[in-house]
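Below you'll find only one chain, the form predicted alone, shown as structure tokens.
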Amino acid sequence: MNVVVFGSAFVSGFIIMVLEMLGGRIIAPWFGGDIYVWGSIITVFMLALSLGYLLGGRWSLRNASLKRYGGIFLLGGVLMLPVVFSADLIMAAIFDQIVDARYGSLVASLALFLLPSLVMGMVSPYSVRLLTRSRETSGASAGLLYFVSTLGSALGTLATSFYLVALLEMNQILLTAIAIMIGNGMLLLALHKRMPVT
């Protein structure tokens, strides 16, 4: 169980930084690559993660299971699909209404990234619940979990910015990330009956 949860937290940390790093490339053709754009992207991701932590913590209190945990990954993957298939339409509609790069990039970031990053933010608190066996070990489990998740985020940032954008088209990277999220979710669903949560 622990290996599965730690591995899933690593995957989530990796993928969310892939999405965030590509966010600048998605928005730049419409609103430029100025500090406004990155300020908007970072703000939306931080806001989404904070809401995800809150919702994930609350949701973990009710019948925590690998089945529900897997559902978070499936939903996160599905919510990334509009970034691949509808980003141009969404960006064009926003650009027609809001020319100011500050507010346009903020609204675009909200439209494209808020929901998938919010759902991925639910992974960490839910992981802590699945790992917790006693009050005495809960702190150590949470510390190790956040280490693994943040390590995944760091490697996702480096892999995307140093290698993936040089080797693959942006949509190829996003579709691969979506496939990994959905594949991880399906694996968790398959393991649900074999690894009941105590």
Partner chain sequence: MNIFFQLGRCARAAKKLLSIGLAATLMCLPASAKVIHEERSLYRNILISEENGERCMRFVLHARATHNQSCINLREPRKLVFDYTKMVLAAILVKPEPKNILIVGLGGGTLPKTLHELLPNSTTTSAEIDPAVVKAAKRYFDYQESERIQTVAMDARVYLKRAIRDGKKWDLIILDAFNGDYIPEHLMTKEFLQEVRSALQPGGLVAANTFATSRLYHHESVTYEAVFAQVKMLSSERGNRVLLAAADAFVLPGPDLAAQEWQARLTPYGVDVRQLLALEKPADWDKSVKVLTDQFAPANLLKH
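In this text, all values refer to a predicted model and were calculated from it rather than measured experimentally. Positions refer to the first chain, counted from 1.
The same protein also exists as the form predicted together with its partner chain; that form is not shown, yet it is the one meant from here on.
This chain appears without its partner; in the model of the complex, the one residue of 51, 28, 151, 144 with a heavy atom within 4.5 Å of its partner chain is 28. Contact with its partner chain in the model of the complex, judged by any heavy atom within 4.5 Å, is made by just one of 90, 110, 78, 98: 98. Here the chain stands alone, but in the model of the complex its contact with its partner chain, taken as any heavy atom within 4.5 Å, falls in 167-175 among 130-138, 64-72, 167-175, 51-59. In the model of the complex, no heavy atom of residue 157 sits within 4.5 Å of its partner chain. Although the partner is absent here, residue 39 is not a contact residue: none of its heavy atoms lies within 4.5 angstroms of its partner chain in the model of the complex. Residue contact check for residue 161: one or more of its heavy atoms lie within 4.5 Å of its partner chain in the model of the complex.
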